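In structure tokens, the next block holds one chain alone, the form predicted on its own.
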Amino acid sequence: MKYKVTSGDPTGLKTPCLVLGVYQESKLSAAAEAIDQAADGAITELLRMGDLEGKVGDSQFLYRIPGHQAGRLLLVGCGKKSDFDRDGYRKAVAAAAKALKEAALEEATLCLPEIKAKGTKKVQRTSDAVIEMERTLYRFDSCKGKAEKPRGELKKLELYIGVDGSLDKAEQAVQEAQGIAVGITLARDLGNLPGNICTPSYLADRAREMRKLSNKLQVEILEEAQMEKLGMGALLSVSRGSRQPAKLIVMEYRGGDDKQKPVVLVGKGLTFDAGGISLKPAAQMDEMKYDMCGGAGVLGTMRTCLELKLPINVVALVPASENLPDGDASKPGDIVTSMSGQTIEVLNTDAEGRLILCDALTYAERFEPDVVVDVATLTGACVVALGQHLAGLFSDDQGLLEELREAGELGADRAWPMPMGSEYQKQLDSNFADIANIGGRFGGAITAACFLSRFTKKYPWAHLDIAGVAWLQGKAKGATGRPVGLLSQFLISRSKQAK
């Protein structure tokens, strides 16, 4: 979709539809009030009749209202004015997107960015409007034999920022938001694909396709024979039960100068996880196609880097595999040797994500990284701890942890710091190997992070457990594209510091 930032007198905006915010108790936003005054109180009168309460998410089209140059008005509820915050703002934008979609409009002007919301600035609201619009209008129908074609599709949206405002800053925010939205869309598309299509080889092919987008991007795919030579026994132990060969996707984006150490992003790419010999229950096992959302998020973030031409060096590593039961699959009690040389007792084959990640984390050393961040749908324990709203954030590096937390706040893609301590490391003791791959029943998300930390001694490192936020269930079932927003803001902030 094309976006344009505009300002000035809202009564003079020529558009097929002007989207205005209204509060409960018949209170109006500034733009709505300007239209209402020009229309001799027509909007206020209609609100007093009670057809629109103004609750967050309410919407109503109005026609033949005088005093403006729009084809129609769309009123969107913003709740109580005193309570209106960023979350309410994003919900209001989503409500506007749904109403515009149902009306099959191709053009509109959104006046919501000019409305003050607690804890936000105008630039941030402009950015949020783009990302929320794209998120709400997203649809995935590539696997349908007869996809239903929409009557019309929103192609152009003007973002009204008030009577006066900095167009330059808002336009830059729009540009960044569009780049992030492209990355989120790619991550959602990959996550929503079924396991019989989105295999490790398919992910590798999609990475190769991205190479065409920039001469600053290099892509290499490591095959199983190469991984075996490198000693990646942990990663290869996971793919033994599958007919699909494992891949290690290596992407190097050189947007910064040669002396700049890269940020390395590592994404878990389990394209389907049946649990291996430690087989998962049948109920909702179909959702295990989402176990590659860490890898999808990393690929989506790389897509954002390319879209925005960020002046920063980034390496993406995606260890990709399936985890299935088979006569040759790894068994509980097996001991494997990782690339680092540490031996691992596999007590549960369903704790496989850490096995493919640990070898990728060791491989990351060769890039002499500034920092390394791994992303994984790693543990159900993290979902129990934080629910489906916040990702778990783990790091012994307080500076990096805070940097990522702030990026999540900025990108409306929040993560919550979790503890890591030596007392948890003891749960990973093994009688027969250097380390066990699970740490018992309690603190499962923490012991999983502690396991990964054993392979990250040579660089600053952080771990994001996105098991609770990577996809939605129920009627809204589908990949969310998280944490592309967080990772993109992290890289954008770093690239600005590098400048």
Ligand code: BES
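All values reported here derive from a predicted model rather than from experimental measurement. We number the residues from 1 along the sequence you see.
The form predicted together with this ligand exists for this protein as well; it is not shown, and the discussion that follows is about that form.
Shown here without its partner, the chain carries 288, 350 and 377, all of which come within 4.5 Å of this ligand in the predicted bound form through at least one heavy atom. Though the partner is left out of this view, residue 471 does reach within 4.5 Å of this ligand in the predicted bound form, counting heavy atoms only. When this ligand is considered in the predicted bound form, residue 433 lies well away from it, no heavy atom lying within 4.5 Å. Residue contact with this ligand in the predicted bound form: residue 216 places no heavy atom within 4.5 Å of it. Contact annotation: residue 280 falls within 4.5 Å of this ligand in the predicted bound form, judged by heavy atom distances. Comparing 68-76, 231-239, 335-343, 272-280 against this ligand in the predicted bound form, the single stretch with non-hydrogen atoms within 4.5 angstroms of it is 272-280.
For the options 354, 247, 125, 188, the residue carrying a heavy atom within 4.5 angstroms of this ligand in the predicted bound form is 354.
A single residue from the set 39, 28, 438, 56 has any heavy atom within 4.5 angstroms of this ligand in the predicted bound form; that residue is 438. Residues of 455-470 placing a heavy atom within 4.5 Å of this ligand in the predicted bound form: 467 alone.
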